[in-house]
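Just the one chain here, laid out as structure tokens, in the form predicted alone.
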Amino acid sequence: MKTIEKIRNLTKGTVLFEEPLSKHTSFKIGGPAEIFVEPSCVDDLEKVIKFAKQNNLEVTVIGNGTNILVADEGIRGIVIKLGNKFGKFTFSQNIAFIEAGASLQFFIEQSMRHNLGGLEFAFGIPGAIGGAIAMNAGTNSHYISTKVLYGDVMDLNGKIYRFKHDDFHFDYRYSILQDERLILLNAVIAMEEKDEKEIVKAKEMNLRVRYDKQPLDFPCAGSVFKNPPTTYAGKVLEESGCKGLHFGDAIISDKHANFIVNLGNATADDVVNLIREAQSRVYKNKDLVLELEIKLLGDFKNLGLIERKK
């Protein structure tokens, strides 16, 4: 029996062969997943994870694909998407239990209707809660990590652990989930009791700021680079003449220099060429090494990016 048929027998979820990952990323870029699995529940996920280990298949886990760039050649092995089937959440007073595949925007909208706030800064941040926690999403002054009480993670042996807040080792745009082969299953988040009208007011203000400053009319993956400790990536990129630079259909936005957008047919190689050029210009002009915020998935040959000295 072929591998894909064996996996189909393990899960009630979706199993596809050579599925284009451009359909599953906000960049609308990326080659195929050799085997694409969207499990229907934790039991499904565990079975697929254990099958992968037994058969020496590499596992890559994605959520809504909002902060990733997938190589044009795609990803070998099994790509697991934690999507809508891992999207449930419930409230108990000011505490929310939320699965990793839930939409961050839908969650905070529903929280608002329960007069629960505290995540107003996240209005307009796309993606799923799992990715938001893994990346410690937020603004320059507010982070989702401050609201996380604990969560459950699965390792690549299919074993589940309960992580307390400190176990995540949160930092700026960082959690341990980026370095350890762990899959976030769910999280428990502390919300704040607030009047819905107050939350709506903050929502409108935050969305207005995002729409004014960010290029949201074209596919992109959010901020490309992390902000350096003493300045902003967008500022140094603009001052280094990066706005408007393009390779193929990938272009650095005239609206915000830390955003690369896909004008329609951009490839991952186009984006990497832009990243390389932008990073090089900032290094020459500012003696700064910008570090990537977006994650590169798949086989990128000859990246040639500048590494920051530890």
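One-based numbering along the sequence shown. Note that this is a predicted model, so its numbers are computed, not measured.
Omitted here: the form predicted in complex with a small molecule. The next part is about that form.
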| Are all three residues Gly13, Glu46 and Leu156 in contact with the small molecule in the predicted bound form, where contact means a non-hydrogen atom within 4.5 Å? | no
| field | Residue stretch of 248-256, 34-42, 56-64, 279-287 approaching the small molecule in the predicted bound form, non-hydrogen atom distance within 4.5 Å | value | 56-64
| query | So in the predicted bound form, does Asn206 come within 4.5 Å of the small molecule, heavy atom to heavy atom? | reply | no
| message | Quick check on Glu293: any heavy atom within 4.5 Å of the small molecule in the predicted bound form? | response | yes
| request: Considering only heavy atoms, tell me if Gly151 and the small molecule come within 4.5 Å of each other in the predicted bound form. | output: no
| query | Hey, in the predicted bound form, is Gly74 touching the small molecule, heavy atoms inside 4.5 Å? | reply | no
| request: State the residue from Leu237, Ala128, Val79, Ile189 whose non-hydrogen atoms include one within 4.5 Å of the small molecule in the predicted bound form. | output: Ala128
| Which residue, Met135, Leu119, Ile98, Ile199, has a heavy atom that falls within 4.5 Å of the small molecule in the predicted bound form? | Met135
